[in-house]
Each structure stands twice: as C-alpha cells, then as structure tokens.
Ligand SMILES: C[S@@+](CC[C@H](N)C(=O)[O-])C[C@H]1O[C@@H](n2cnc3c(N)ncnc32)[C@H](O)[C@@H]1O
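Take a look at this single chain in structure tokens; it is the form predicted alone.
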Amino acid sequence: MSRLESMQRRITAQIDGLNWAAARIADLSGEVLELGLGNGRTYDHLRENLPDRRIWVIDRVLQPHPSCMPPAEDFLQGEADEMLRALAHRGVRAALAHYDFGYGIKEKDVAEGARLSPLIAALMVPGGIVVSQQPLTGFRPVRGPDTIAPDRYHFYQAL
C-alpha cells in the first residue's frame, strides 16, 4: 500500500469512526474532547456534526487552517497531561473523545496513549465513546464501523 493510499485509508477511517461515534452518543449528555488539533480537519468535522456540544481542544501548538480555529475559551495549549487535569478540575465531563496525539514514532505514541488513558477516562461519562488512532488502556474495546479494519482505528466505551 502506498503512503497516499494509507493516508486515504486513515482519513476515511476518521470520518466513518467519528460519524459512528456521534450517533452512539446521541442520548448521552456530555461534551467532546478533541485531543490533538493539528490542522483542524477532525475538529471541523466534529463541530459540523455535533453543533450543540462544546468541543474542548488540546494541543501543544495552535496552527490549524484559519477556518478551523476553535474558540479561544475552548482551546488548551500545552502538554496533554496538564491540560487534561485542568479540564478535570473544571468538572468537564465528555461523551466523546477523539484521541489523535502522536509523534509519528509508534513506540512513543503507544506509550503516551497508555500514560494519558487514566486522565482521559476520568473525564468520560459512563458509556461515552473514545475514538483513537493509538491503543488506549482502561476502556472497554468495542467494534467500530464495519468499514474500518480492526487494526486501523481503535474504539472504546468508557466504564
């Protein structure tokens, strides 16, 4: 598979996975966590599909496409563990989290996901959904959309 085909597969998985998750949380109260803003494509998709939910965004840097800029009051810039603790301190409860942090080095990315998992879990409402590019711990794995290969994206339900 070429890198271009791999990118197409990843983008399709994100779209299908986020749409699936949005439908699964329709009856849950709670906000949304976008963990890793990047250029803002998934944030834009979330705000388009979940217009009545507040979307908290965490990233180390703020550099999205200008059309995908989150409101200043919803963006937390810094290291994820500190920002997740700040959200917990504010009493934020999330029905959906999209985990898209990564350095591009698999071992480092997996270790960070495992380290941050308890902090994410502390923010989730029972039954909330986590969609993740990396494996996480402390959640119940669930099968996502049939259109996504099981190894491509990870889907979890909060306990």
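Sequential numbering from 1, following the sequence displayed. Because the structure is a prediction, the values reported are computed rather than measured.
As for the form predicted together with the ligand, it is not shown, yet the points below apply to it.
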item	value
4.5 Å heavy atom contact, Gly78 to the ligand in the predicted complex	yes
Residue contact check: Ala26 to the ligand in the predicted complex, 4.5 Å heavy atom	no
Any non-hydrogen atom of Arg9 within 4.5 angstroms of the ligand in the predicted complex	no
Partner proximity in the predicted complex: Arg54 to the ligand, non-hydrogen atom cutoff 4.5 Å	no
Residues of 28 to 51 having any heavy atom within 4.5 Å of the ligand in the predicted complex, listed in sequence order	Glu34, Gly36, Leu37, Gly38, Asn39, Gly40, Arg41, Thr42
